[in-house]
Every structure is written in C-alpha cells, then in structure tokens.
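Quick heads-up: it's one chain on its own, the form predicted alone, in structure tokens.
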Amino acid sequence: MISSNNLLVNKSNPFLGTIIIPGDKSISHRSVILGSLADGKLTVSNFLNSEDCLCTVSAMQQLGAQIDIDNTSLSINGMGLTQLKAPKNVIDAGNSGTLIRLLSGVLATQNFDSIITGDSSLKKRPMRRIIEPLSDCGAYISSENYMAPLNIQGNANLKPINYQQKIASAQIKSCLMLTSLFIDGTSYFKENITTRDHTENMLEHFNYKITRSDNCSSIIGRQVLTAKDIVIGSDISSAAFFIVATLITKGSRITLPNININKYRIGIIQVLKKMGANINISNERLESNELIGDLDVSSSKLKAINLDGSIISTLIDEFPILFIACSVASGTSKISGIEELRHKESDRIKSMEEGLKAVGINVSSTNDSIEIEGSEIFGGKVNSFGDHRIAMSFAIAGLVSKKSITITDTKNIRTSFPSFVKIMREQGAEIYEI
C-alpha cells in the first residue's frame, strides 16, 4: 500500500515470469451489491480488497447487509430485495463513480430516504446522466448542479424503465438495471453501442431471468436472486499496466493467469495486437458466468494506430496506459471519440497530454481526440491529479525512460490497485516512494 504521495521510477530490467493480478473491480462492486440483494448465503473469492470496493462493502453494511471480509474473500448473508434498512448516516462512496451511480439506482426505489456522497474528486463528476433517467421513471433526487452529494427521496412505486442509450456507459445501464429489479413490470434497455455486461452476467448467475440481445435487454422486476458463490477473475484493466510494461521493455516475457476476458473488456488486447503486440490467450473457460483466460505477453516493437468508433467503449479505462504504448510506438497515433475521458477521476485527455509533454513526447488534442507522436521518453516530473490510472501509467513509462520520472499525487492508486507498487518491485522495477 502506498504511504507517501509521490513515486519515482527509474529505467528497469525486463519483466519475467508469472504476475498475479487482483480481482476485477467492476465485478467486485457488483458482487457486493447483488450478493446483498440475493436470497441466502454466498462467498465471493478473489474480491478486490481496495478502497473503492471496501466503500461498497461499507455502504451495503449500512443498509443492513451482513458481510464478513477475510483479505480477498467475502462471506455475504443475502437479505433479498425487500429487506434493506435506512442508513443512519450519509453513505460515503469515496472515489468510486461505480458505487455512487449503481447504488443510487437501488436507493431510489426504497421506502426510505438517503444521502450518498464522495470525496472531492467524485463530487466533480457528472451525475445528471443517472439523475435524469431515474427521474423519468418517478425517482426523486436533488443535488447541486447534478453533482454529489445526492439527496434521494425513496419511492417504492417507480414506473418501468425504457432506457435509450445517450452515453455509452455500463454504469448508467447498470444503475437502471438495478433499479428495475424493484419495479413491477418489464423494463427495457436499448444500446447503440453495447457496453460491458457484468451486471447482466451476474443476474443470470443468480438465476434471475432476463432477455438479452446485443443491443436490447429486458428485465421483469421483483424476481428472486438466488444466492450462489462467486469466483472473480483478475482485472484486465489492472493487467493492462503490466501488459504494456512487458511490451515496451526489451527482453520481457510474462504470464498473467485467470484474467477476465469478457468480450466487452478486451479492446485493449485487440488494439495492442493491431499495434504489433505479441499477446496470446489460452485456457479459456467460464467462471461464475464470466469468460476467463491466461495471457502470455512478450516484448514487441509497436507501431502507431488510428482509433475511433465502437471499440472506444471497450477500453475506456485503459486509455491512459494505451497512450504510454503510443508514446513509444513508431509513427503518430490518433485516437478520436474519447470525450468521455474528460469526465473521469481527472480530465484524462488533459492529464495525459500534460504528463506526456512533461516527459518529452509531442502531443496535441481536441475536445474528443488526441494525437501522440511516438518517440523516446526522456523523463521528468508529472502531476497525476490524484487519478490512479494516470499515476500507474506514468510509473510504467518510467521503466523505459532515459531519465527518472517523478509522479506526484499518487495516493489514489490504492483505490483500485493497492498491490501495484509491490508487484512492480517483485519484478525488479526501481520504484521509490518519496
């Protein structure tokens, strides 16, 4: 766990061997929320024991769930859909956009009022995207400028949802799907660009019947969620840092076992392969209704890429580390249709552009695009703006930088990947807390 607020990374030796990546963050959040709403007892294995996911555990405990934690294992005594209790205090989502958006969908349907908020970063993130569709079906949510804290006046008699995607976001879709569980009648969810389907997969794992196609799903409310144990695959968004580290560090070769390779999450692998990456997937199998596989990665000579279109939503969390890959690839990469990056833990287009320029890379951007000229990373000082993915991306850049890279404001790494620095050191990286 990171105790200081800054990191310094020097050029390092190749990465070799097997690296164990922690459990998937998206699925960890959902396992706690849906597990608490299921009927019966269940265990969750390979839970991501990070600050974001522990906020979800705390939130559900405040709503009456019985949850015991033993490192990366959870025991949940599911309450069913009708037994949530009014929280005695304001629910704190910390830095987690997933938690505040998904749980707001649950809270909106209850017979009690609640308030959910977050840290200073989360309070700047847009919540209109969930408030408006929830309001359309009868929810009462008040806020200042559509940002946290959200004051939610529970309404147990919401109308069925008819969701037509405006923003390609699994968080919005999942928020409304969780709401629909409590609503009499059938709710519909239509997407122009299909987003990650972890919520749908877990509902089916709990024997909750839903109708699914690539672009439209429907859910009949007030069914029973049957408690079943969950084994969570390792997080491909976290694995992406070590995939890129291996690709750009000469002589590296690693294996990443048990990675979640959900088809809506592997855009980063598809894009890196188009850039010339040597990545192979083996031992594919289903685990708790999610596809899991082992990745073998070898150092590769990467070439620039042009990206836009539907693939953007499949790697939205991986763009910061992809930008690092582009910065050492041959040629100039252009990536368009990424305005959503401006609404993450930081404005990730701005954060990455400033950081890349600080370490010697030529970059230009528009509101929804970025161009990166591949070159040698020279080194320097980078502000991560408290964004965990920015911080980790520049830590990986430091592995191949001519001079050291210092990254400031890095404490939020522990929100998603608390063992990141430990794994880096186990691989021999020269990474220091300063």
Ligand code: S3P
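Throughout, we count residues from 1 along the sequence that is shown. The structure displayed is predicted, hence computed values, not measured ones.
If you look for the form predicted together with the ligand, you will not find it shown, but the lines that follow are about it.
(message) Between 230, 170, 76, 152, only one gets a heavy atom within 4.5 angstroms of the ligand in the model of the complex; which residue is that?
(response) By the 4.5 Å heavy-atom cutoff, the listed residue in contact is 170.
(message) So the ligand isn't shown here. In the model of the complex, which residue out of 26, 50, 36, 56 has a non-hydrogen atom within 4.5 Å of it?
(response) So the residue touching the ligand in the model of the complex, by this definition, is 26.
(message) Please tell me whether any heavy atom belonging to residue 196 falls inside 4.5 Å of a heavy atom of the ligand, as the geometry stands in the model of the complex.
(response) So residue 196 counts as contacting the ligand.
(message) Contact with the ligand in the model of the complex for residue 129, defined as at least one heavy atom pair within 4.5 Å: yes or no?
(response) Heavy-atom contact with the ligand at 4.5 Å: present for residue 129.
(message) in the model of the complex, does residue 316 come within 4.5 Å of the ligand, counting heavy atoms only?
(response) Residue 316: yes, in contact with the ligand in the model of the complex.
(message) Just checking whether residue 205 would be counted as a contact of the ligand in the model of the complex - the rule being heavy atoms within 4.5 angstroms.
(response) Residue-level check for residue 205: no, no contact with the ligand.
(message) Among the candidate stretches 271-279, 79-87, 316-324, 302-310, which one is within 4.5 Å of the ligand in the model of the complex when only heavy atoms are counted?
(response) Single hit among the candidates: 316-324.
(request) Would you mind checking 88-110 for residues with a heavy atom within 4.5 Å of the ligand in the model of the complex? (result) If the 4.5 Å heavy-atom criterion is applied to the ligand in the model of the complex, 88-110 yields 98, 101.
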